[in-house]
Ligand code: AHR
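Only one chain is included here, represented as structure tokens and corresponding to the form predicted on its own.
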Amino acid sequence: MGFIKKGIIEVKATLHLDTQHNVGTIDSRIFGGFSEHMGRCIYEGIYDPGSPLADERGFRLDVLAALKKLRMPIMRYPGGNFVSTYNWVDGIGPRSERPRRPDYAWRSVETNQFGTDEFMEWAKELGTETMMAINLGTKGATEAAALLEYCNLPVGTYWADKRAENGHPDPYNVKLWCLGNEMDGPWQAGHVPAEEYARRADQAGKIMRGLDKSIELIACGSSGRGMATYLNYDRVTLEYCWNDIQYVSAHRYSENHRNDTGWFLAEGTEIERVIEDYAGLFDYVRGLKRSDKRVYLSFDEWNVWYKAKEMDGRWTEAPHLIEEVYNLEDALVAAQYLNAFIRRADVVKIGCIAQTVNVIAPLLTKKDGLLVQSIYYPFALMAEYAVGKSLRIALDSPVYTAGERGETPVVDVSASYAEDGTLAVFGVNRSQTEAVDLVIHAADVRAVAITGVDQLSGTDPKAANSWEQPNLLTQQAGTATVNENGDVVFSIPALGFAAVRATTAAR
């Protein structure tokens, strides 16, 4: 993993780049979020009228402020498993007239005090576009078309007029629509085989695009690589719906049940494999169809999740469900998701971290406080600085053995190059004991000046922020230099993430 010099193990890696060699433009929508009616994500999360930190609309101002720093360009809503029994009509109109419903997915009581209009207003306050999911589990094309009419059509028809009656005369112009959620999963209300789902999605999509040709549609893909129908469900759907969809949805939750940090930190190799699988599938169906069209990947649920597994709300309001506490190793895995999305900018156009508040989220709330978790910091840095072209990676890195995952590079890295000549590199050091000295050499440009270095690291992979120690893990300033060859040289700490930026000029 390195060599001995004066009794010290030095670990070195070199990243070779060329700004003319890129895989495409990074779509900022890979830094999206997801807010589901589950646990305390909506109630006591983004909407909490009983909190002294909420405004007159019930929106938590501290949550809004923290999420604004993540620069999420899209927000997926309202589910998730929740959407497959949800009747969106329950969540509009006067709050006093909205029904209380049992929620099948999470065995909770849904008060419907926060619905489509409130979400649209909250999203506007956050400065994000909306990504709506429709119910294709227990509803169908008719209900989907009605929701689209409510959201996107000008006044003059029934549901558009209802929107105006509810105080919102202007259309919301929602452009991204998810055609159901995880319909391959037996746990899903209305779960059906791929052939039946494809017909439902095709019917709904055709009607929706008939009402608004500007929308983009996301078909359900596999819920994970462990599914028996993995990729075949996607293939059947793609072949049936190819002409009307623009994206296929992929989901993945990473876990470390074996409590093996070295194995867990090789998770990026598995994430990359999923993306490669879909890239191959898209090319296959495109060839089968003899089509010039491209379909892309929407990785619209991803995160680390395995410690907090409570999913039974016991028919209460806003129960505490899957409120994962994130540690340092979790943050390094979260960074690897985003590195993979950046490296495969040619395939991944949308990503949604699941979720935003309380439920497997970077933020936790109590009535009078907000806790920022470890996974927040890599996301914030990469969302801000990963701009422009995604550069092709040629990495010379030492390796280590990550259990049955085999030999794995010690460094996981991605790089972007902006129009103004800013080079940004994001690196994860998987070593638990040694820093890595990374040399960044670009063949056609030289670094002129370092404009910023930020890092997150520690000595204990299980260290986590808490209400008692809220700043145990937080981003810190790092250092980098430019050598005589115009290369950037910096050190990524052991168990560390680093983001370095430099201005460049032609060699």
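A quick note: this is a predicted structure, and the numbers were derived from the prediction, not measured. From 1 onward, residues are counted along the sequence shown.
Quick note: we don't show the form predicted together with alpha-L-arabinofuranose (AHR), though the next part is all about it.
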Among the candidates T237, N429, T356, N181, the residue which, in the predicted bound form, approaches alpha-L-arabinofuranose (AHR) to within 4.5 Å (heavy atoms): N181
Proximity to alpha-L-arabinofuranose (AHR) in the predicted bound form, single hit among Y417, W106, F264, Y197 (heavy atom within 4.5 Å): W106
Contact segment among 299 to 307, 332 to 340, 372 to 380, 209 to 217, judged by heavy atoms lying within 4.5 Å of alpha-L-arabinofuranose (AHR) in the predicted bound form: 299 to 307
Joint contact, G33, F119 and Y172 to alpha-L-arabinofuranose (AHR) in the predicted bound form, by non-hydrogen atom at 4.5 Å: no
I322: touches alpha-L-arabinofuranose (AHR) in the predicted bound form, heavy atom cutoff 4.5 angstroms: yes
4.5 Å heavy atom contact, I360 and alpha-L-arabinofuranose (AHR) in the predicted bound form: yes
4.5 angstroms heavy atom contact with alpha-L-arabinofuranose (AHR) in the predicted bound form for G115: no
Contact test in the predicted bound form: M38 vs alpha-L-arabinofuranose (AHR), heavy atoms, 4.5 Å: yes
Interface residues of 231 to 261 toward alpha-L-arabinofuranose (AHR), as seen in the predicted bound form [heavy atoms, 4.5 Å]: H251, Y253
